[in-house]
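Quick setup: the structure tokens below cover two forms of a single protein chain, split into structure 1 and structure 2.
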Structure 1
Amino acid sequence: MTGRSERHAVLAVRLATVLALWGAWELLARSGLLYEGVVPSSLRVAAALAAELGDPLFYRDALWTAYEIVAGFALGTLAGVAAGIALGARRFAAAAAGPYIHGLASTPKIVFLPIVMLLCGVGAGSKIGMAALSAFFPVVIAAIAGMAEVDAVLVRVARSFNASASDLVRKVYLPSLVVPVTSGMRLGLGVATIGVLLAEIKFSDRGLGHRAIQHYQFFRVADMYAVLLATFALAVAANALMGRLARRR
């Protein structure tokens, strides 16, 4: 059971799986079992992907979506950490707010889209709002949980040295929140991405979500798959990056 031969075996299993999935896809595409065009041949998807990656408009849409996600994610994270410290510093406040935060956190955020569109308009504002709203809850829950774990001795020592509120936040709370908040941020990035893409699908004139649904509406299915593949790859890469950052701490 050496590590090397096992790695080879894992690689072989993965390769075999990719080939089997590819073969199954091609068979399905050629069998005509599903409506024509729903499962286009992988060659057509590959050609569409190449066309997308060569299209400057694809990069405009991808950058636009990334901007909306990053802006909303940053806002939601900041608000989540601030609210988490404010509530988590007092046990009583955390207990009083807890049920409402958890209740809202488990509500599908998409239903707030109409409100967000009324408040922030139908442009980038509503997408940023959806991302902020989505990212806020995992972060605030992680921050409150992290605040409950802050060593009470540290707080008492800081207080006895007459630390001001801002010292307490900067020198005690924030350093002990880094680990729980980064794991909350990882979840938050995922839901912020979904929030932005869904808002773009519902109402938008640019962005990857809009691009995918535009292809769908004109029944350019291979192009839609190409956009979806690129979007999935970007989302998975962003998540892996966040995971690496979280582990570096």
Structure 2
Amino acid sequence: MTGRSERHAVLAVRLATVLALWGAWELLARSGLLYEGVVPSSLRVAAALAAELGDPLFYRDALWTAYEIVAGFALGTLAGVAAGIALGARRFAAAAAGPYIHGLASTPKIVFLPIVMLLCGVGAGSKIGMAALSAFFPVVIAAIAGMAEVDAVLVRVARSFNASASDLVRKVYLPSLVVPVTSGMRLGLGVATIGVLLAEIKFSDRGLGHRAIQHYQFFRVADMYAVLLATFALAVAANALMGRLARRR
């Protein structure tokens, strides 16, 4: 199978998967097995999505959520890369900190929301803090794993030329970490988005999470699904963009 035909086959499988999921949704909605308000018809959700996209307040909420996600994700990524390099450069430090990092990484981040709110307030700061905390762990784990795979010969050669610590980071470590850190960043973006939406659902007066919970509280279920679908589409687009930038890099 040639490269082009393989890409066409992959695209066909993806399209068939989407159509199968859409068909299953519509069949379930029309089957009467579930209450109509729980699983509305996809046509109602599509109409609600069109209404959301025509509402200027939707874009205000989307931009607010995007700001919180991007700011928190950037902070979490920078902290994760810095910590990963610092720990990964010393095997003893990585081995000592590993159990704590993996233990905290597996903990649902929503349990830290009260602490983040105490530290950052109930405004945008708490959402940014949740995004940073959520993104930090996938990135630091990926960075530590990537540091373990850095070619020791490159490090010795750099040191033989009296490379400073900053030169070692810029010219050896960071280029070697592009692939593993990008994978961690893609995972981190997903969990950062979840962290922001959960925080907005709990305590916020704007954002897509707040918009979704408002629809839920007034039992506008189709509108709620529309907001969630739009959020999912934006997250997928951001993830695809990150993957493309990484491949170019």
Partner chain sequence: MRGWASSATGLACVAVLALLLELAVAAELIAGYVVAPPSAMLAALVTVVAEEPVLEDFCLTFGATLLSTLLAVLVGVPLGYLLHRRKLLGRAYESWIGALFSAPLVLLYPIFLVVFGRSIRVVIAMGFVVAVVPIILKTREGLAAVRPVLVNVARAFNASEAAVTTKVLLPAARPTIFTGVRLGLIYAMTNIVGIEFLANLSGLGFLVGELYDRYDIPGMYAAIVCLILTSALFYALTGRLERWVGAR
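From a predicted model like this one, the values you see are computed outputs, not experimental measurements. Residue numbering: structure 1 sequence, from 1. Each form is matched to the other, and the largest set of C-alpha atoms that superpose within 1.5 Å is called the rigid core.
The form predicted on its own corresponds to structure 2, not structure 1.
Once both forms are overlaid on the rigid core, the distance between the two CA positions of R44 between the two structures is 2 angstroms or more. This chain moves as two rigid pieces, and the smaller piece turns through 15° between the two structures. Core fit done between the two structures; CA of A240 shifted by 2.6 Å. Core fit done between the two structures; CA of R14 shifted by 7.6 Å.
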